[in-house]
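Taking the form predicted alone, here's one chain by itself in structure tokens.
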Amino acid sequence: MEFRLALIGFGVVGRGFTEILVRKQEYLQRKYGLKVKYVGICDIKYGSVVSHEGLDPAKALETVKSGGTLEKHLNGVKGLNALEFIELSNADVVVEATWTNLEVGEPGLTHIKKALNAGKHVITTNKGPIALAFKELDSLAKSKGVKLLFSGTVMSGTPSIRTLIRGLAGCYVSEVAGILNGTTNYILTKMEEGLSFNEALRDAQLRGYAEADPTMDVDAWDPAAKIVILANIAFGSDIKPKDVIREGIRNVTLDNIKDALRRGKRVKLVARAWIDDGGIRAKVTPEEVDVNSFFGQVGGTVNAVMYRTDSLGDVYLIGRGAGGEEAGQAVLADLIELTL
């Protein structure tokens, strides 16, 4: 099956996905019958180009790598904003890989609505629209007879969402819990080695794990959005990030870490959502966990999740939760799902 694909966002995720497609194109065609024609790339930094005849993704990668712009080096209709780009493209699939905004979900939310309304499948790695408006977007996709796929929004390429939707189909899930932010997990791991919070944060920033403004991570907004996404899938709920009890790790001290270790515990930032008599509850808070427990063994930038089910008991998944290659793999897996 050949898909005409339009990509919005040619940053780390968009390029990571494109690199995988270029590298694996023969394998993907042989195993899945998957062929992809890029009919447009749109990026706020590198410009936008639409070509119904197709663009060369390898040339796009090389252009950006060498410091050029897409509009200067690729042929096609140029200078369109994202909404014009979606409208003009003849894409079957729009991949939305722009930045996350957890306040209003823009600009990704409008991009996704525009594409779905145009009858195009959408694959996104953008947490904002899914955390804030999943039910609305899911309903819109169904009404248009297209798919909305978003496996890269939680744990990146590690298939946390696909496991929940497909692997646990038919199971009653009563609780979801996870270490869903690699940056904070890395900081807490380094604090166990004797670094203060500020020293561990600086180390994470130098390694590229934390942004210059680390608010999304250390104040737990990122894992709050992720637990919302998982909870709404698991429970059929419609909670929002603002409904999550949220406490980050800024107030975790070296003394807290050392005291916990003396008692055979580790401090971890754990996101939880569960069903109780009052409805759906969700929180992200530092917790002490046994050092030999599943979460106690998850160190560094690794992510992990647990699903509590009736038929299978507790189901655990662990893997890398961020990075261009990892997010690109999530987009690829969603694209392959469209062929099934």
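What you are looking at is a predicted structure, and each value in this text was computed from that prediction instead of being measured. Note that residue numbering follows the sequence shown and begins at 1.
Here the subject shifts to the form predicted together with a small molecule, a form of this protein not shown in this document.
S.K.: Taking L188, F197 and D219 as the candidate spot, are all three within 4.5 angstroms of the small molecule in the predicted bound form by heavy atoms?
M.R.: Judged in the predicted bound form, none of L188, F197 and D219 sits within 4.5 Å of the small molecule.
S.K.: Going by heavy atom distances of 4.5 angstroms or less, which of I123, A115, L180, V228 would be at the interface with the small molecule in the predicted bound form?
M.R.: Among I123, A115, L180, V228, a heavy atom within 4.5 Å of the small molecule in the predicted bound form occurs only for L180.
S.K.: Looking at 210-218, 163-171, 142-150, 234-242, which stretch has residues with any non-hydrogen atom within 4.5 Å of the small molecule in the predicted bound form?
M.R.: Stretch 210-218 is the one.
S.K.: Is K127 close enough to the small molecule in the predicted bound form to count, meaning some heavy atom within 4.5 Å?
M.R.: K127 belongs to the contact set for the small molecule.
S.K.: Using a 4.5 angstroms cut-off on non-hydrogen atoms, would A322 count as touching the small molecule in the predicted bound form?
M.R.: Contact with the small molecule, yes.
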